[in-house]
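Presented below, as structure tokens, is a lone chain in the form predicted on its own.
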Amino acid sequence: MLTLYDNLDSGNGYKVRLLLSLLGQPYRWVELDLERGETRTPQFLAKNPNGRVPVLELEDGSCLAESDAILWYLAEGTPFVPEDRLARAQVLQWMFFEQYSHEPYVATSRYILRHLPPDHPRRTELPQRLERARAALEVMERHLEWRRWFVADRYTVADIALYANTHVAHEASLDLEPWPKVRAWLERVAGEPRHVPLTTRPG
């Protein structure tokens, strides 16, 4: 059976949990306490030397890190990855956008606000990070102007990757009111069969 090493509050881990639910794929879930350094133990570092969740351990003991790589591995050969060559590249395009232009600003701002004290030095990063987060949301809004989904007019792992942190953007003090297309898309994702909220504990 697959094993997912994760933390319930992790947007990156949630991407994988959401896809596993959509696929109806059984798996064992192991929650790690990031505040207690459980991703820095020798045992976990042997699975992912980068010391981050999520990590997917396969049946043969092989381990795969990086949330979007895990999404791609699980989604290959399913409806969540298109067969068309260009559409596949476009899915990757949005997954790269999510990791480079979206997640570092939306998710990191959320982490700072939820997990660090008000006097923490990293609070000074927030104005610039939130400005970049709004820029990413504007890119998404323009793309969704005449589209229901990000690629190929269907729900793909591009949507899953972007949904994970966008739907909790309010926890990063980002008001989504200026982006109605993004809000409508979030509702479509949440309305899909087998959808699970971020706070749902597996098992």
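Predicted, not measured: the structure shown is a model, and the values here were computed from it. In case it trips you up, residue 1 is the first one in the sequence shown, and so on.
What comes next is about the form predicted in complex with another copy of the chain, which is not displayed.
Requested in this report: Would you point out which of 168 to 176, 139 to 147, 28 to 36, 152 to 160 contains residues with a non-hydrogen atom within 4.5 Å of another copy of the chain in the model of the complex?
Outcome: Among the listed stretches, the partner-contacting one is 139 to 147.
Query raised in the report: Applying a 4.5 Å heavy atom distance criterion, does residue 76 contact another copy of the chain in the model of the complex?
Result: Output for residue 76 is yes: heavy atoms within 4.5 Å of another copy of the chain.
**Report entry** Distance check, residue 116 to another copy of the chain in the model of the complex, heavy atom within 4.5 Å
**Finding:** Flag for residue 116 set to no.
Query raised in the report: Within a 4.5 Å heavy atom cut-off, is residue 80 in contact with another copy of the chain in the model of the complex?
Result: Taking the distances in the model of the complex, the answer for residue 80 is no, it never comes within 4.5 Å of another copy of the chain.
**Report entry** Partner proximity in the model of the complex: residue 96 to another copy of the chain, non-hydrogen atom cutoff 4.5 Å
**Finding:** Because a heavy atom of residue 96 falls inside 4.5 Å of another copy of the chain in the model of the complex, the answer is yes.
**Report entry** Every residue of 72, 86 and 90 near another copy of the chain in the model of the complex, heavy atom within 4.5 Å
**Finding:** The answer is yes: all three residues contact the partner (heavy atom, 4.5 Å cut-off).
Query raised in the report: What residues of 45 to 68, in sequence order, lie within 4.5 Å of another copy of the chain in the model of the complex by heavy atom?
Result: The stretch 45 to 68, when checked against another copy of the chain in the model of the complex, contributes 49, 50, 52, 58, 62, 63, 64, 65, 66, 68 at the 4.5 Å heavy-atom cut-off.
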